[in-house]
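A single chain, nothing else alongside it, follows as structure tokens in the form predicted alone.
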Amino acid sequence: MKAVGVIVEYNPFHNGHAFHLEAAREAAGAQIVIAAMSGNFLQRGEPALVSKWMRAKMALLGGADIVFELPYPFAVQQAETFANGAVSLLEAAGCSALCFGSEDGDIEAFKNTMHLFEKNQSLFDEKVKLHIKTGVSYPKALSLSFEDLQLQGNLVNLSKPNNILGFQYIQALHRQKSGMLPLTIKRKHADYHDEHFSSETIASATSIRKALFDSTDGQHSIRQFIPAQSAVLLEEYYRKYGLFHHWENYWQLLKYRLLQMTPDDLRSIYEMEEGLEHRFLKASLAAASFAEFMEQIKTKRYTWTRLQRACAHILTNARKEEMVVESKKVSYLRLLGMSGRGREYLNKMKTHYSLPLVSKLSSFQHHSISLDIRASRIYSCAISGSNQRDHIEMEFRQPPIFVP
């Protein structure tokens, strides 16, 4: 059975994601689609709208066959590390191809860009250093440096968010000497950061989340943009837990953490460097909300995403030594869910896997998985009453989701 891999967050799963899964299966000529999915905290440093278990179920009902969790030390990371982890996971899972969405939709443009980039790596690195000295953020320095090279030909537009991630996937495939065939599908209608609906059926996850949080009738207003199964599961989650997760749910926990930390404590946290600890501590005394806190710590040099990731690491107490991923590859395959076809595939493949296939936490120990457990427990703290205990216990008691 041939498998194609996708790298996802599904926050939440919408019609564009369903299109991507179908298109990936067709483009690769695959029978199986395997998703490497972030857990309860995401690449941009945000808590996921609903739990990883609910998002895995949405994915399986929407067309995925297997969902593996991307471990926290890769999931809540800058793009290069995120890509390295996800690509290594899909390689280890036996995928013959990797298919990602992009604004350009031209895989040859990605390949050409990577080869020209490689030839000019030293000059590029010098330009990045020069731009950073002017005070711009690291992502902005990368973009400006690439423009400075003035490369010619069929190249990918690296000012677009999905193109940027896709380029990192192509580089990760190259660095890891992966045998996976790279494929890309052009994104339809909605851009990644669109906050408003621009199509009758396709919307960005950003605009869907905005509608959910901004409107008392948010769940009804997004129905045309998400599969019916996703709508049912979102309603089920909200009915049971009384919320969709977002940063304001965790503000008091974050503030408590900051108020009882010293500058030395903060400096031990991953992505906390160059005096940021003083800025964080000062803002924690004055801010009345997470949004206000972020506005106070925001600078030209540090992106909102970078600062949110630092907040997530403070919340989960993810220290620098824990987040260093020396091999740049995952060390296990944590199974969140599977379809009937997915189970058949795993039964055939699991004896050939070079990494442990983890379906029960009680039988496996690793520092990365301890971070996943910690992150899931913190994520559950937004929930009140007995439901919080049940949500925490799911990390050990919940078997992989099965959708026949």
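In case it trips you up, residue 1 is the first one in the sequence shown, and so on. Here the structure is a predicted model, which is why all the values come from computation and not from measurement.
Another form, the form predicted in complex with a further copy of the same chain, is not on view; read the next lines as being about it.
Enquirer: Looking at the partner-bound form in the predicted complex, is residue 255 within 4.5 Å of a further copy of the same chain by any heavy atom?
Expert: Residue 255: yes, in contact with a further copy of the same chain in the predicted complex.
Enquirer: So, residue 316 and a further copy of the same chain: in the predicted complex, are they within 4.5 Å at any heavy atom pair?
Expert: Yes, residue 316 lies within 4.5 Å of a further copy of the same chain in the predicted complex.
Enquirer: Is the gap between residue 259 and a further copy of the same chain in the predicted complex 4.5 Å or less for some heavy atom pair?
Expert: Output for residue 259 is yes: heavy atoms within 4.5 Å of a further copy of the same chain.
Enquirer: Applying a 4.5 Å heavy atom distance criterion, does residue 277 contact a further copy of the same chain in the predicted complex?
Expert: Judged by the heavy-atom cut-off of 4.5 Å, residue 277 is well away from a further copy of the same chain in the predicted complex.
Enquirer: Name the residue from 378, 336, 54, 28 that puts a heavy atom within 4.5 Å of a further copy of the same chain in the predicted complex.
Expert: After the contact test, the surviving option is 378.
Enquirer: Could you tell me which one of 273, 292, 118, 108 places a heavy atom within 4.5 Å of a further copy of the same chain in the predicted complex?
Expert: Answer to the contact question: 292.
Enquirer: Among the candidate stretches 79-87, 109-117, 282-290, 226-234, which one is within 4.5 Å of a further copy of the same chain in the predicted complex when only heavy atoms are counted?
Expert: Within 4.5 Å of the partner lies stretch 282-290.
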